[in-house]
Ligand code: TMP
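As structure tokens, one chain now follows by itself in the form predicted alone.
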């Protein structure tokens, strides 16, 4: 695998503001003359959009391993169809969620074996890991207020589930400090962007 571009992922609980920060980072990169591809996991391809619909809006129980394999199936398509080709062309890929979300949600919150998740992910993602990962950290209470009343299947999980997700992200940041950078997402949106930009400037 020849990777010429930059691969950056944006992680955090639902309501953390990561998607907004991805858009702001994309504008920042474009202003610097970078060729930017913005995408999301799941749902970054036409096939992935159908998988995303099942994952977020299926009316009924989804078995834990079924949920895991749906995310991995989406990623397999996403990597091959969109992410790797863009990186091989030297583009900067900004992705809303990636493997750290799988570890936080299906590993820490659902209780699946994290080592097993990584082995499976290495197969479908061809061992591709991000150059930088931002975790936008915010309390479960603040995140819930930001989401509002209209919630998808995962957003509707109990508060304990979301606390486990948050804890998972923070644990991963301690485990991979060189790659994962935690940003206080309870701050003003522009301050969060400034903190993100500062890390990007240092990296670049």
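The structure presented is a predicted model; accordingly, all values stated were derived computationally and were not measured. Numbering follows the first chain given and starts at 1.
Beyond the structure shown, there is the form predicted in complex with the ligand, which is absent from this document and is the topic of what follows.
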| request: Please determine, with the chain shown alone, which of 26 to 34, 133 to 141, 173 to 181, 48 to 56 has non-hydrogen atoms within 4.5 Å of the ligand in the predicted bound form. | output: 48 to 56
| field | Residue contact check: residue 18 to the ligand in the predicted bound form, 4.5 Å heavy atom | value | yes
| Close approach of residue 44 to the ligand in the predicted bound form, 4.5 Å, heavy atom | no
| query | According to a 4.5 angstroms non-hydrogen atom cut-off, is residue 92 in contact with the ligand in the predicted bound form? | reply | no
| Which residues, if any, of 81 to 120 lie within 4.5 Å of the ligand in the predicted bound form when only heavy atoms count? | 97, 98, 101, 102, 105, 106
